[in-house]
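First, one chain by itself: the form predicted alone, in structure tokens.
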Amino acid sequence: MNTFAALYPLLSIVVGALVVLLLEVFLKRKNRDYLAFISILFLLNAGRECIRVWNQGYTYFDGNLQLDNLALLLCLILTLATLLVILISMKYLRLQNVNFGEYYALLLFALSGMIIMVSSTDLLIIFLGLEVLSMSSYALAGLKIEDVRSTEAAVKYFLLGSFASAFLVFGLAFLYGAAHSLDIPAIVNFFRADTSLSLMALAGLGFVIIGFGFKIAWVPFHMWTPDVYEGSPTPVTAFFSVGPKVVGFAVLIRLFQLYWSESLNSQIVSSSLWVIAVLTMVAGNLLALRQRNVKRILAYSSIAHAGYLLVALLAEDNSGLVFYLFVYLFMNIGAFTAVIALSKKGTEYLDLENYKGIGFRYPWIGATLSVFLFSLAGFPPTGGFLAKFYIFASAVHEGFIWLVIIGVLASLISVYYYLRIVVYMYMHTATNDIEIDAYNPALFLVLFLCLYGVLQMGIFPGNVLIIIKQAVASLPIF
């Protein structure tokens, strides 16, 4: 149904961002928590709109904006991620002297770009959404204007992000030249009907994959990830670790829907992605072994998880992929929240040495961080175990035996660096007196919500899987 109501979730976010900007300009209060609460109200309204139009199949702009159930579910996931990031940012911004009101507006603008990407079927509109996300992200990465690492992160992100955008535009030009359209259904139908293995079309698809590979952080397009994650404010790092992965894989789900089994040239693309998945899983985990900064460890962990998600894409397991993204939201934002909890005014404790004895000194932080790390490693009964189990089982069913073997071995490597943090927290005597600002109700609320999400989806995933399968089933068949 073509209706203006399809724009309501997006409009709620954009209007919220503009309201926050105007209030920051005209009120100029020192305590900017009220901007966070206003942002949360608009996020809740956007979530309510997504739930309200579930199963309605609303479209707008002649179908280029499409609110099928998959788009709505991904919008809800992204909205929830942004809400959690805002909650963990409120006190952090004051403690680290970066309490700028435009921070919340930038988060909302970034979210609006992601909503455009997950709900569009036209690659040009998706590119516009990506640029909205990217420009907001560059500013967020450099928010600590007095910290040289934050400035370096913003510059690296901008330069490599622009490089990725150039690849994407080049790919779009090639695809348009071959398929005479940038509409995803038209492109997929062209590949399914193409019997000549058009070099222009394959090159275009390859450049598009490279462009999104930068955003998702696949190897060898991952170079920006550790430095940007380390230099950015930690709540922003949590946002980067989830948002681009969700939107990148959302686009690839639509692009490769029905492509693998129908297109004569799908073997070329499948083999290329097979190699990328192996490199991403292995390199991400091996490079993490050498790190002592917790944010860099989680950065390389994020790269490795992008490889696991690519396995699900190759296995055509869209339900498993979305479930993994949902679990990843809770365990990754939860881990970064625990890292934020170990901070005080002007100081963040990020080196492994700082974590000695923390598990006994601050039990809540140590216990929750341990659960998130166990989930990232894939231990039962957490959601991370089921997420990996589903995608590896699907890959075995589709015949990717060696890919699964490599993925399991890579996951075993990750156990070392995840458990090393736990060992430091519980099995090392504290060598320095770490003092933190422990009173932070919003942060502990996020810790509880993420802990509940990780355990709920590890023990009782049934209801979530039903919703996810319903959402994936709404993908149009063309």
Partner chain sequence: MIPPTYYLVVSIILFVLGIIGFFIKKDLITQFLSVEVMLNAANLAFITFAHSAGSLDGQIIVFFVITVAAAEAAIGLAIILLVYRKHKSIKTEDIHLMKG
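Source: prediction; values computed, not measured. Positions refer to the first chain, counted from 1.
If you look for the form predicted in complex with the partner chain, you will not find it shown, but the lines that follow are about it.
In terms of contact with the partner chain in the model of the complex, the residue from R192, K91, K356, K156 that brings a heavy atom within 4.5 Å is K156.
Checked against the partner chain in the model of the complex, the residues Y300, F221, F249, F109 give one hit for a heavy atom within 4.5 Å, which is Y300. When the partner chain is considered in the model of the complex, A393 lies well away from it, no heavy atom lying within 4.5 Å. Using a 4.5 angstroms threshold between heavy atoms, F323 stays clear of the partner chain in the model of the complex. Although the partner is absent here, I401 sits far enough away that none of its heavy atoms falls within 4.5 Å of the partner chain in the model of the complex. Although the partner is absent here, E230 is a contact residue: one of its heavy atoms lies within 4.5 angstroms of the partner chain in the model of the complex.
Using a 4.5 Å cut-off to the partner chain in the model of the complex, not one of L41, D62 and Q66 places a heavy atom inside that distance.
Partner contact region in the model of the complex: 139-147, out of 276-284, 139-147, 313-321, 364-372, criterion any non-hydrogen atom within 4.5 Å of the partner chain. If you take 168-191 and check each residue for a heavy atom within 4.5 Å of the partner chain in the model of the complex, you get V169, F170, L172, A173, F174, Y176, G177, H180, L182, in sequence order.
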